[in-house]
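Consider the single chain below, provided in structure tokens and representing the form predicted alone.
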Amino acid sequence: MELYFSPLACSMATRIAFYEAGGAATYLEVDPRTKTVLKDGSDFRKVNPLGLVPTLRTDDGVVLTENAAILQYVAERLAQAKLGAADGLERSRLQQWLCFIGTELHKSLFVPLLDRKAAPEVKAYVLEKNLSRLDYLETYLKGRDYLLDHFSVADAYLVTVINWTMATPPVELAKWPVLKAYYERLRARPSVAKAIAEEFELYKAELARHKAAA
């Protein structure tokens, strides 16, 4: 399988899933500004017209997009790692959390805060409207190690998104001690620690590349 990714983007969740499961993949870095694949300079939009990561090319050559779909596909392909959920209510709960992370946190809270072009008043509105999502997680995670009763691709996605608080000073994790403890616990997990360390180095190289091109 080939995973198109950008450093520290939401695509890191799939890298974590591969590392957790011991699965093999080819990682193809995409420059988020130029939309080029660094390995060969090709136009990533020929793979995914929207130019968004993650994008996964399966062993059969099928191209999958959208984080929640890719994470569930990887969990099913690497079922021995039990990163997914059984049929029935457990699977619905997994989908519930993937949807929550993707819509309520990723797109609604963090994307506007990370947007350098967003006006201060827009960011203030986003914070006022969406910090309740972190309150919800704070309450839910009390007495829990994971979102389900085991580490799953939903946790891989959540730790990836919460990791963005490093770049969003208005979201101070100290205000949510249970969520902060969850993040720190998962960040110490070998698969997560490895993914973050590797992608942080790639992110620094990306910043240097953009600075040189400016």
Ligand SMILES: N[C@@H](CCC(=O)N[C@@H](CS)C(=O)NCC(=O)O)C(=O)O
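Computed from a predicted model, the values in this text were never measured in an experiment. Residues carry their position along the shown sequence, with the first being 1.
Form predicted together with the named molecule: not shown, discussed below.
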query	finding
Sole residue of V47, L52, L148, L173 within 4.5 Å of the named molecule in the predicted complex, by heavy atom	L52
Selected contact from R144, R91, K129, K107, since only one has a non-hydrogen atom within 4.5 angstroms of the named molecule in the predicted complex	K107
Any non-hydrogen atom of V192 within 4.5 angstroms of the named molecule in the predicted complex	no
Contact test in the predicted complex: E184 vs the named molecule, heavy atoms, 4.5 Å	no
The named molecule contact in the predicted complex: N67, any heavy atom under 4.5 Å	yes
Exercise: A9 in contact with the named molecule in the predicted complex, heavy atom 4.5 Å	yes
One stretch from 134-142, 119-127, 99-107, 75-83 that, in the predicted complex, holds residues within 4.5 Å of the named molecule by heavy atom	99-107
